[in-house]
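Below, in structure tokens: the form predicted on its own, a single chain.
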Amino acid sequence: MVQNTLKDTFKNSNYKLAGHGERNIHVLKEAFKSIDGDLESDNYGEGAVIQEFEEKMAATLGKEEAVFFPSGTMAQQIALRIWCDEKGLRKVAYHPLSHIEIHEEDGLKELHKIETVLLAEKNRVIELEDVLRIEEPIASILLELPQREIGGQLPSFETLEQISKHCQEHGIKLHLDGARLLEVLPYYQKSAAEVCALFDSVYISFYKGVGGIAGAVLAGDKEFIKHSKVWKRRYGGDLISLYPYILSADYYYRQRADKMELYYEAAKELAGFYNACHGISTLPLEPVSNMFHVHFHQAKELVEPILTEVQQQTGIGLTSYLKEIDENSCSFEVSLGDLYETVPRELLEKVFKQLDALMKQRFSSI
């Protein structure tokens, strides 16, 4: 008899607590169901489809212009290259767990020969003091809001203002990795434009919290965007048509941009359920966006059977994976979306009652 795995029970669950749903072809079909089939596509970065969306996002982010990219990786490497070229200095600073540092195969260093300065310890966000301690000249600082790899933590808005002022006074360009920018606005109680006003350039993703297929926007002043379009062409980012990404990005942006407060409140509630369970805590303890990490203070191989059993018996999907932190702890990531509100309240309470009971049963004497 084949034993169900954590991934199997998650996939087969009746309800899932996180996300917007499966990323299948339905995502594209839903976005296109009301699109006029005679609508003209974009052509190598030109045309109403792409230009109107870029103008809309520039206005939303409070910047002079914006350009649509097929990927955020491409957009951010280009942004930092532009700021390095402007200053004539190939050195930038960012968090040691930045996406650029740990997920891009050293693209910035290999493709652009840009050196990096790592700010702050891995387990916390960048503070003003970290910036003030930079001794060597740098062209740009990248801040990620929220800092995904440490549970979506955020610096205070006051800290952002202080870092922005310091950068302006010292000729350092400040770039925002705002892949999840919309998701932090409820916590800051600011508009996207108010946050972006502190930064010289901004990147925002359309497949994370928004839930589109793929794609990103890079925004800044006219001269910056002029250079970014040249680099986009050099990177091969001007596909003959990008409209499947653009139209889906626009559709899901309209569907979900105003629901980030709802996702944020849901995240705080869900974190409370996890924190009430024996041997489980969240990082941060109270979420500051729609995302957080769930930590178990036991070994992965001991926790996995418990989660598998809970998911199989309740039909509620908590997670499809566990990430080992060390031999005595593990975790997984949660990002709240449309699915959470579809879960019946009695089932939500049942799954955490059972999870708490099993954790106590297996670990209370350890």
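Owing to the predicted nature of the structure, the values given are computational and were not obtained by experimental measurement. One-based numbering along the sequence shown.
One more form of this protein should be noted, the form predicted together with another copy of the chain, which is absent from this view; the next part is about it.
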Legend entry - One residue of 191, 168, 156, 71 in contact with another copy of the chain, assessed in the model of the complex (non-hydrogen atom, 4.5 angstroms): 71
Inset, instruction - Select from the listed residues 86, 104, 223, 161 the one whose heavy atoms reach within 4.5 Å of another copy of the chain in the model of the complex. - result: 104
Inset, instruction - May I ask you to state whether residue 110 is within 4.5 Å of another copy of the chain in the model of the complex, using heavy atom distances? - result: yes
Inset, instruction - Give a yes or no for residue 325: in the model of the complex, does one of its heavy atoms lie within 4.5 Å of a heavy atom belonging to another copy of the chain? - result: no
Inset, instruction - May I ask you to state whether residue 137 is within 4.5 Å of another copy of the chain in the model of the complex, using heavy atom distances? - result: no
Inset, instruction - Consider residue 41 of the chain shown here, and say whether it contacts another copy of the chain in the model of the complex, taking contact as heavy atoms within 4.5 Å. - result: yes
Inset, instruction - Work out which of the listed stretches, 73-81, 257-265, 282-290, 137-145, brings a heavy atom within 4.5 angstroms of another copy of the chain in the model of the complex. - result: 73-81
Legend entry - Joint contact, 29, 230 and 243 to another copy of the chain in the model of the complex, by non-hydrogen atom at 4.5 Å: yes
